[in-house]
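Only one chain comes next, encoded as structure tokens, the form predicted alone.
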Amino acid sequence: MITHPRGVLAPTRRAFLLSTAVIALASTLPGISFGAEPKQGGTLTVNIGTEPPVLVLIAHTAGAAVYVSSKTNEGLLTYDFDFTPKPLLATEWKVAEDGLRYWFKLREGVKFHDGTDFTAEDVAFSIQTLKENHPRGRATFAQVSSINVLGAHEIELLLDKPSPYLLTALASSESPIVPKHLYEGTKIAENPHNVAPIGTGPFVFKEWVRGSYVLYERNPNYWDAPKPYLDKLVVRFIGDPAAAVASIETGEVLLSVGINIPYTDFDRLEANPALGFETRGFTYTNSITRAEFNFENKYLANAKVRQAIAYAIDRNFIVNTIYLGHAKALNGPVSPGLAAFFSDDLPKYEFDPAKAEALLDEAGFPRGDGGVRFELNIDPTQPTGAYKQSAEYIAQALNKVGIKTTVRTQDFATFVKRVYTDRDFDIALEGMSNLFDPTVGIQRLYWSKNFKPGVPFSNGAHYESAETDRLLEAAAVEPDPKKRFALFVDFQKQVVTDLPALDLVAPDSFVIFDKRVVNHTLGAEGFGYNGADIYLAS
């Protein structure tokens, strides 16, 4: 619920604990290098590999869009590598001692790209929209009961219960602010500005040539002048691994998100003195690879079949042969990078094809003609690279135990539609971000209330468990860190037992860049921040 001014509501010293209150100056932004004067001008061409279905993440969580959404549509805060909040569209903030009220002072003098003023009305509308439409926003803002506009540049959020992760959920890529006047009264997921964004950010959208690139130009009216330093930003979608490597080696691309760089090329790329590898800046996302089972499939609805599949797959083979050691095998849904919530004390499915065969027999699916028990399809989220290779290995492993498995490939947008709208899948091999907190990044995948056909990257399995729901909902509002960790450990044990998805690996994340590119990674968001500080050195 959004309300509007109802008299003076000043935060009092007794009512609030000052968590951070900083007036934003250019020098306070994290990771700025003062050793050299930033150079104005130039074009930065980047490759994000996969073409996203949208360019702003107000109602979507498309993986590659994290690198572009933030360039046009900013959030309230940004974060240091240690998750210390820094000002962006909010300049001051206070959190009540009981965690039930958040107050924000908003930046004045900011304009959207269409020339309209940025105000608290836009923030209130965006947060309400995220709560109602965003795959993760349903959980992130679940406890927000009231959004009160206190003035043109002042806002408060009132909560029913504490949300200990909330202050970290306000990054540009996670909670973008959109212009109310262009979104109000529309179908949010179908709004044309999702693919032609208008925001407050340092870059202005110019054109999207489907299948090729998106062009952004410098925002001449950006609130943090003289930023941005770049004149243009060109975002390309080079999905072919060989072409992606060639583009960075020849200088056609100056920065490449490493998702589609073959691991076989690592040694040569690392030896190139013109290139650098950045492994920081991924703690906000913490991505993992998982195989999600469709519970609407009559075979996969059987727990013994899912367990058999788990025993038939050798995660270490995936780590060593497909990722060449640049990944960690997973036994549960939490990445080791999310150290505060990670536990390895979980039920385990060690590689054991004989046990898989026995479970399939027990489930009532003996081998038939040609040794086949039944047939399944597996859909990797990307048609090339490690996802496709992993899908091909899994298909081979399942064929060996009598499950005839076919790998189907398609572009990313088609994959999303197939899995989340059409629900025409058996096993979806996909990357998922844990993000910075399980309530934000993981709950959406297992919470029965987040089975939302048509909403991408939600509970695609159609998994329903009253105990899992109880654990997730209790952990979401538990302020005590030790009790919260215990709840999440119990949650992990529950879903590893139920197996709505088989967690496979946590790939190493990295960006490859030409060393002339400066300030591409300044904090926990990595290249997913707004990019205002990036410049090209001579």
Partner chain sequence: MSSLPRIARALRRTVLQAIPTVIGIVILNFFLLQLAPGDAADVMAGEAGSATEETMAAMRSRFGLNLPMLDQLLAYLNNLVHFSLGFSPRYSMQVSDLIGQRLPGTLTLMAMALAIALLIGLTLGSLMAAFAGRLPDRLISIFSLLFYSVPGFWIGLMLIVLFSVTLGWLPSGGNGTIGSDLSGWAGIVDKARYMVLPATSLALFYVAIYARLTRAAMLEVRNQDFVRTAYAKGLSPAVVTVKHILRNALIPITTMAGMHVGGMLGGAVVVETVYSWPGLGRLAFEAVMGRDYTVLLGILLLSSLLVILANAVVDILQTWLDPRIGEL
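Numbering follows the first chain given and starts at 1. Worth saying up front: this structure is predicted, and the values here are computed from it rather than measured.
The same protein has a further form, the form predicted in complex with its partner chain, not shown here; the description that follows concerns it.
**Heavy atom within 4.5 Å of its partner chain in the model of the complex - the one residue of 101, 236, 315, 290 that qualifies** = None of the other options qualify; the answer is 236.
**Answer option from 414, 116, 321, 396, heavy atom within 4.5 Å of its partner chain in the model of the complex** = By the 4.5 Å criterion, the partner-contacting residue is 414.
**Option from 151-159, 399-407, 227-235, 327-335 whose residues, in the model of the complex, bring a heavy atom within 4.5 Å of its partner chain** = Partner-contacting stretch among the options: 227-235.
**Prompt:** Is residue 186 one of the residues lying within 4.5 Å of its partner chain in the model of the complex, judged by heavy atom distances?
**Reply:** Looking in the model of the complex, residue contacts with its partner chain do not include residue 186, since no heavy atom lies within 4.5 Å.
**Prompt:** Would residue 258 count as touching its partner chain in the model of the complex under a 4.5 Å heavy atom rule?
**Reply:** No, no contact at 4.5 Å.
**Message:** Can you tell me if residue 370 lies within 4.5 angstroms of its partner chain in the model of the complex, counting non-hydrogen atoms only?
**Reply:** No, residue 370 sits far enough from its partner chain in the model of the complex that none of its heavy atoms falls within 4.5 Å.
**Asked** Even though its partner chain is not shown here, does residue 250 get within 4.5 Å of it in the model of the complex, heavy atoms only?
**Response** Yes, residue 250 is a contact residue.
**Prompt:** Taking 136, 452 and 457 as a possible spot, do all three reach its partner chain in the model of the complex with a heavy atom inside 4.5 Å?
**Reply:** Affirmative, all three are within 4.5 Å.
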